[in-house]
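Shown next as C-alpha cells: one chain only, the form predicted on its own.
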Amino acid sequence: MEKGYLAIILHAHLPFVRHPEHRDSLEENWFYEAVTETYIPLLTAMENLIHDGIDFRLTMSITPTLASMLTDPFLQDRYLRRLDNLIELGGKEVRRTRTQPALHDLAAWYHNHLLKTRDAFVNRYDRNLILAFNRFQEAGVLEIMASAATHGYLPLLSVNSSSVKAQTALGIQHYRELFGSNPKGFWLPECGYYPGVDQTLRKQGISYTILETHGITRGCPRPRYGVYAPVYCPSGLAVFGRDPESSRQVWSAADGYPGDHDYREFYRDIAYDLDLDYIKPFIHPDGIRIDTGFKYYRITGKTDHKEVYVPEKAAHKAAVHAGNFMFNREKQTEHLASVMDRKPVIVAPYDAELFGHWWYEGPLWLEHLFRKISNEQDTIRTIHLSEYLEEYPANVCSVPSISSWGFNGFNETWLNGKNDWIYPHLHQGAAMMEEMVEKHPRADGITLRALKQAARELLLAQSSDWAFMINTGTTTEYGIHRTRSHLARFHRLNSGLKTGNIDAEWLSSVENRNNIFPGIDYSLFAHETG
C-alpha cells in the first residue's frame, strides 16, 4: 500500500502564432519544433506505457492558444511541409556523412525518427493531436486542465474584472468544445494568483488549481502541511502548491538532470555549423539560420569541444535519472507520511516544452519514471489531483498569497521598466470593450463580426507571452510588434463601430489572420457590478 502520491503536471502552452501573410514565418517554427520534439514524443511515451500495461497518471494543461494551433488545418499543412523539408535534409545528411561513421549513424537515426514522426502525425493521429490527447483522457491515465483564453497574466489584468472573466470563461468554454466535458482543474497562466481569482474560477465550476510554493506557505493562516496537502480558499476552490525539491531536480540545467554531459547539446545545430549554400534550402528563405533539429553533439561539459552524441548512452542516463528521482520521492514521502495524518501529495509541475524540446531526453525520462514507479517500489503512486480530492475531501481553509512562478515569485517578470507601458493600454482597451458591449447588446451582421474580432484582438494583446519576451530581451521586437498590432486593430475596430464605417474587406483579412475562437461571445466583456 502506497504511503503517498506524486502528481506530475505538464503545462503545454505556446502563444498564438499564425502568419498567413508570410510564406515562411520564423515564429511559427516554435510550434513546429514543439510538435516534433515534445507533443508527439509525449503521446508516444503514453502509448508505450499503455501497450505494456503500466499503470500511471499524468496531468497536462493544454492552453486554448496551443489547442487552436494544433487543430488548425492551415498550420497542420505548414507543419507537414516543414517536416517533409527536414526529412529531405535527413536524406542529404545521410549521404554527406557517409565517410564519418559516428555522424553517419546519427544522421540515419534522425532521419528514421523524422519518418516515424511523420507517420504518427499523418496516420496514427490523423494530423489532430488534440484528439490523440483526449483519447488518453478518456482512458483515465491523463487529466487535461483548462487554462485562460490567451494566457493572460491575470493579477495584472484584474484592474478590469471583465478581462479576468473573459479570459477564464472563454478558456473553459473552449475546453468543453474540444474535449466534450467540464474541466476539473484550471492552470493559472504563469501560476499567477491573486486573492479573488479563486472566486471567479469556483463560480465557473473549477475544483482546483496549482500555485507556486510560497502562494501556499505564505497563506493566511499558514497551512499545517505546507504544499503537501491542498487547502481550500474561502470560495471553496482547492489549491495545490509546487514542491520545490522535485522541481529543482528537473528544472535546473546547472544542478538538475538536463545538464548531464551525456544528454544532447541544445545549442549546437548543423544550421549554424554548415556552409550556407548547403543548408539554405532547409532554413528561412531569407538566409536566416534556424534550428533544424539535427544536433550531433552532447553537452560534454563547460568546453567548446563537444563530443559526439550517443543516443544509447543518453537513454541509459535517462533511466538512471528516473531511478534517482523516484528514490528521492520515496524518501521524501516516507518522511512526510511519518508526520502527517494523511498521505502526502508531491505536486511537480513543469513546462511541457522542457520535455523533448529543451531537454531532448525528457519524454524518455518520464516514460522510465512511470515504469519504475509502477514496477519497482510501493511507496508512492502517481495520481491526478482530482483523485486526491476525492480521497481527501476535507482540507483546511486558507487565503493564499499573491504569487507566480516568475522571477522572484511575484509580478516582476511581467511588470518592470521594460514592459510596464503595456498595461495602461490593456486596461483602457478592456474599459472600451465594456462600452462596446453595453452599446451593442444584440448585434448582428458586420457589427457582430467587428465586435467579435475586437474581443479577439484584445484577448491576443493580453497574452502574457509578449511582456515575457520584452522582459527577456531575446525576441523583444516581436513581443512589441504583437502587442501594438493587436491593439491597433482593436482601436480601428472600435472607431469603425462608433462611426458605423467598418471596412469589410479589411475586416475579412483580419478575421482570416487571427481566426482564434470563431464562436466567441463578445458579451463576456460585459461590465460587472457589485
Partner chain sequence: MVSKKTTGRHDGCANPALLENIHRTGTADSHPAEAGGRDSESDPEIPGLSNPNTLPESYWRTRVILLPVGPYVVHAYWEYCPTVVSGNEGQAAPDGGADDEKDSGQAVLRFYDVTDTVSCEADPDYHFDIEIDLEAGNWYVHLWEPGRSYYAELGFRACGGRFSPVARSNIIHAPGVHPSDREADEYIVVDRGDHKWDEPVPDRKPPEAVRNSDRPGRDFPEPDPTASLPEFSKDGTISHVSETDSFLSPESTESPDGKPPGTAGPDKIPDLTEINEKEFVSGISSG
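Residue numbers count along the first chain shown, from 1. Every value quoted in this text rests on a predicted model; they were computed, and no experiment measured them.
The same protein also exists as the form predicted in complex with the partner chain; that form is not shown, yet it is the one meant from here on.
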Sole residue of 81, 280, 96, 222 within 4.5 Å of the partner chain in the model of the complex, by heavy atom:
222
Picking from 480, 58, 497, 34, the single residue whose non-hydrogen atoms come within 4.5 angstroms of the partner chain in the model of the complex is 480
Using 4.5 Å between non-hydrogen atoms, is residue 520 touching the partner chain in the model of the complex?
no
Residue 361: heavy atom within 4.5 Å of the partner chain in the model of the complex?
yes
Indicate whether residue 244 is a 4.5 Å heavy atom neighbour of the partner chain in the model of the complex.
yes
Please determine whether residue 378 contacts the partner chain in the model of the complex, using a 4.5 Å cut-off between heavy atoms.
no
Which one of these stretches, 67-75, 431-439, 448-456, 87-95, sits within 4.5 Å of the partner chain in the model of the complex when only heavy atoms are counted?
431-439
Across 348-376, which residues bring a heavy atom to within 4.5 Å of the partner chain in the model of the complex?
351, 353, 354, 358, 360, 361, 364, 367, 368, 371, 372
